[in-house]
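The form predicted alone is given below as one chain in structure tokens.
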């Protein structure tokens, strides 16, 4: 057995996005003038806030459905759950649990609908789920702007628009703010970084979610999803119900995105009713790609590396922009530009590598046929 030679150029290609972000962060950190303690605390906070949402993207990738822009559907379900829990004055962690329970049936219905549509658009799942999020956003806006207060009873005037129906632009979650994060107070002192406050309960939930994903991959359903992700026709010949398996993957992802959005918003302390969910899918997908994931392969490690690099850039870019140009908005524009650019570059690289692999297979097949001839 010959050992495979390590292909340095291929490894560099695969790691090009994380390396680019490491270089950007290495340049921006000294320019930003932010202390190591402040950066460490911000990264830990953002990891607790965003990691669960990004983990919800792993299941559809495993099933070969690419990056699930439709996770926004779950985020909307989570927001509806939080609005209802706020109106019923259920506060703290019980309010979060109630919001999660209320989000499940909405997420399941939206996931079923999305999964069925994506089964009609095989090979074009990402663009279809992206457009789907715009469509369901219209339905969501109809529900919260007109139906809540008129059809769906809303008692408290503090969250209703003055006209008597519809939800205000911002709903306060002051009674839930960081209740999960502060449930188990914990901080650690590290040399150079100083004291770092850790939202321990949030990290315990994220760790449990990671263990569930590892366990799920070994189950019959998880194995079926991996088979479907590798080759749908081979999976179908093996007796796997491909369409059903793909729908289940999207439903699980949508439900988890709903939970993740509730964790995200309790950390923020308020809901921007009409905009909180709109960019969440884009930023989560960008963070996952920054961590070195691709359209067809992603791991738990990619999630955490992506959160650190992507959000480190988000923290330091405006300050670095202000230091270089005297205008912090330059840094703001830069980080928004980079988040979209990363997705574009990752998709282009994925398609290029795919074509390169097909070309290499074609050459091998042609050589084999020549040898037989």
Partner chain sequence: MKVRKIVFRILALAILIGIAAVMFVIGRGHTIYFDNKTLEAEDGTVYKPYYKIDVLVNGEKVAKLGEEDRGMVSTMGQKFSMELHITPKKDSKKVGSAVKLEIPYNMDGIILNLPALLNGAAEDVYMDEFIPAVVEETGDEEEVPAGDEFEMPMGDA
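Positions refer to the first chain, counted from 1. In this text, all values refer to a predicted model and were calculated from it rather than measured experimentally.
Below: the form predicted together with its partner chain, not depicted.
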query: Contact at 156, 161 and 168 by its partner chain in the predicted complex, all three, heavy atom at most 4.5 Å; finding: yes
query: Heavy atom of residue 212 within 4.5 Å of its partner chain in the predicted complex; finding: no
query: Contact of residue 91 with its partner chain in the predicted complex (heavy atom, 4.5 Å); finding: yes
query: Non-hydrogen atom contact residue 268 with its partner chain in the predicted complex at 4.5 angstroms; finding: yes
query: Residue 336, heavy atom within 4.5 angstroms of its partner chain in the predicted complex; finding: yes
query: Contacting member of 302, 294, 133, 276, with respect to its partner chain in the predicted complex [4.5 Å, heavy atom]; finding: 276
query: Single option in 216, 203, 283, 193 placed near its partner chain in the predicted complex, where near means a heavy atom within 4.5 Å; finding: 283
query: Candidate stretches 249-257, 233-241, 169-177, 203-211, one within 4.5 Å of its partner chain in the predicted complex by heavy atom; finding: 169-177
query: Those residues of 219-235 which, in the predicted complex, come within 4.5 Å of its partner chain by heavy atom; finding: none
